[in-house]
Each structure stands twice: as C-alpha cells, then as structure tokens.
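Before any questions on how it binds or moves, here is one chain, the form predicted alone, in structure tokens.
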Amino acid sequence: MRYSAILFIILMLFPAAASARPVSYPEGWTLMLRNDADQNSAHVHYTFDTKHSIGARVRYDRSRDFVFTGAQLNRLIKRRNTRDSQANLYGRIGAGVVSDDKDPGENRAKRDTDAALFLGLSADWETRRYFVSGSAEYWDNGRFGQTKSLHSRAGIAPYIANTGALHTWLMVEGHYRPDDADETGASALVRLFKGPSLLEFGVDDRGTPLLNYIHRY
C-alpha cells in the first residue's frame, strides 16, 4: 500500500471534529494531519515545556513521489498577548531519511534513500474575528533535491462563539513553490473547531479537495 493511502486511512480512523500551532500545553500530545494536492503529512508531537515540542513526522511528496520519515523539534520563539489578540512566532527543525515511494511488490532493497533536513518558520496573529498567518519551509532532500515554499493565510469568523462552542472560520490560503511546475496556487477552506479538535476542508484552484485534522490529547 502506498504511503498516501496509508495516511488517508489513518485520517479516516480518527473522529472528524484547538489550534494549528506546533506547541501545545506541557505534557500534551498533538496529532496533526495535512492533505492537499502536493503532500500527505502526519505529525505527532509531545509538548514537554511551554516553548518546545518534539515528535515524529511522515510526509509524502506527491509531485516528486518520495517519503520523508524523521523527527521534528518545534520551538515557540515569541508570543505576544494583548487584551484582544495573540501573536506567535515558531521555529521548526527536522531530520530523517527520504526514500522513493515504490510499490510494496518491488524490491525494497533497491529503493533510493538518503538523509534529509527540514527547516521552517511560521507566524500568526488572531483576534476572535480575524486571523492571518505565514510560513516558510526549506527541505534538503539529499539526492531528491531541495525544495522551498511560502504559505500565507487570512481568515474571518462569521460569528463570535463562546468558549466550548463550535467555532467556524472562513479562510483563503496562497502558496509559492519556486521548485514546482505550478509555482503559485490558492485554496479556499472552512475551519471548524471545538474543544481539542480542529477540522479543515476545502478545495484548491486546481479543483483538488483539501482535508486537514488536528487533535490535542
């Protein structure tokens, strides 16, 4: 079974119902699943203090047909709270191996593998009504090449929900991937979250469905 199918099955096994931030509360576990036209990704991490989390990540790159498997460390670099808003800056670093995604029936010993390194930086700002974020990623995939990407988001809540209620956000996302044939793209998403669970669904400008899920334990 290919990695993309495995990650999709994992997603379906969890209840579909919070925040997309990579550092939770101390001693908390977080599951983060992302699926779009370019990747399927699963990231499980444990927050061991107020500024750091560490975990495992598996990422299938659809356009280049390879899989990253490794460990990732997340750090909250800066947080600024005001009476009406919160802003955050995060850094991420990961290391592991990449391998081409050949079918299981083929000789696994012949798979191309190499060491890989990942670096990321992200920031967000939100009130109870508005949300904006941006992120930059760099991947050194060994013999599979280097990739870079920029992502940005903007969102608005059509209503202000009370604590514990269902929160709804309408969002648009843009990306720039200079190493891909389609350098730029955009997506429209609906974000729903209640308590520890967050679900996002939408579609990109190529008509590809998007589905992301986060749960904190």
Partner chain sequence: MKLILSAAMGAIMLTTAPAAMAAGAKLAGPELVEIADISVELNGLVCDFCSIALNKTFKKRAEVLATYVDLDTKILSLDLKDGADISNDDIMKLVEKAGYNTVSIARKDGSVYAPPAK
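Residue numbers count along the first chain shown, from 1. Quantities reported herein were computed from a predicted structural model and do not represent experimental measurements.
The same protein also has a form predicted in complex with the partner chain, omitted here; what follows describes it.
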Practice task
Give a yes or no on whether every one of 25, 164 and 214 sits within 4.5 angstroms of the partner chain in the model of the complex by heavy atom.
Solution key: yes
Exercise for the section: Determine whether any heavy atom of residue 168 comes within 4.5 Å of a heavy atom of the partner chain in the model of the complex, and answer yes or no. Expected result: no
Handout entry: in the model of the complex, residue 86 touching the partner chain (heavy atom, 4.5 Å)
Key = yes
Exercise for the section: Answer for residue 209 alone: is it within 4.5 Å of the partner chain in the model of the complex, judged on heavy atom distances? Expected result: no
Exercise for the section: Indicate whether residue 128 is a 4.5 Å heavy atom neighbour of the partner chain in the model of the complex. Expected result: yes
Handout entry: Which of 33-41, 66-74, 172-180, 186-194 lines the interface with the partner chain in the model of the complex (heavy atom within 4.5 Å)
Key = 186-194
